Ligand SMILES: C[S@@+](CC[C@H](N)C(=O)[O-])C[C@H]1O[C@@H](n2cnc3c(N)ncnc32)[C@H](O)[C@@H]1O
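Only one chain is included here, represented as structure tokens and corresponding to the form predicted alone.
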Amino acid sequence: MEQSREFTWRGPGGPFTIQLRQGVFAPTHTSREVAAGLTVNPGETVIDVGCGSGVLSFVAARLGAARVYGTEVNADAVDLARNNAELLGLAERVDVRLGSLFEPLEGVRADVVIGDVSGIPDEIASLSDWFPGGFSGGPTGAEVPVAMLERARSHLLPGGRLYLPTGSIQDEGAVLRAARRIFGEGRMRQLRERLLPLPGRIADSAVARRLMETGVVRFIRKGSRTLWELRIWELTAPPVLQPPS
């Protein structure tokens, strides 16, 4: 087993310390921005899709969720997240299950879905160390988030909320079109926006140039820096759920 290292989360719901391990997705700026926009009311049920080390599941529990279900396709991450839940004394409230997106949660419906899933084009992910084990977002970075959105409505209670990060480092337009189709234009609210630096090895790559030229991604040049835009959205299910169109 890979050696673990400690990580202290100092965002909402913190501070608390968890274990990280090579091969498991670690908390990022996106994790922090999602947490900063997250609303969890006491007693609510939460689903954390693609939970990685479990950090956002633990944030939700510490904000008052009565029950949190995390899902993760990486078996090493499931093992680590379960161990972290034990370390934090949250194992009775945080249930981490192995499987893709909502597959391990048949029949489970929640007040809140945290939809921070892999949303980076496969070729960019391969140049980075952000998604160990090859768990990236598809050819344009929109495929996994759209699949998550397609399934989310059937797991949300009436009036439930889904928290979704999007960014110009993916085909953001495709993700937002899917969100509007599934939830409705008037049920989307942008909570946060932030510019983040793109590592030079990605910014200067032929892959990034080609994806920019084809309109899949959009980067911003500021002096010697290359930046991408991150946005956090809150999507609200109707009070009475209708089948997605």
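So that there is no doubt, residue numbering starts at 1 and follows the sequence shown. Every value quoted in this text rests on a predicted model; they were computed, and no experiment measured them.
Here the subject shifts to the form predicted together with this ligand, a form of this protein not shown in this document.
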Discussion item. So if I measure heavy atom distances to this ligand in the model of the complex, which of the stretches 50-58, 210-218, 196-204, 174-182 falls within 4.5 Å?
Written reply: 50-58
Item to complete: May I ask whether V40, V68 and V112 each come within 4.5 Å of this ligand in the model of the complex, counting any non-hydrogen atom?
Response: no
Fill in: Contact residue in the model of the complex, from L101, L156, A142, A125 (heavy atom within 4.5 Å of this ligand)
L101
Item to complete: Would you kindly say which of F16, W233, W228, F25 lies with a heavy atom within 4.5 Å of this ligand in the model of the complex?
Response: F25
Worksheet item: Though only this chain appears here, would L88 touch this ligand in the model of the complex if you measure heavy atom gaps against 4.5 Å?
Response: no
Worksheet item: Taking heavy atoms only, is S31 within 4.5 angstroms of this ligand in the model of the complex?
Response: yes
Worksheet entry | Exercise: S118 in contact with this ligand in the model of the complex, heavy atom 4.5 Å | yes
Discussion item. At 4.5 Å between heavy atoms, is V73 in contact with this ligand in the model of the complex?
Written reply: yes
Worksheet item: Along 175-204, which positions have a non-hydrogen atom within 4.5 Å of this ligand in the model of the complex?
Response: none
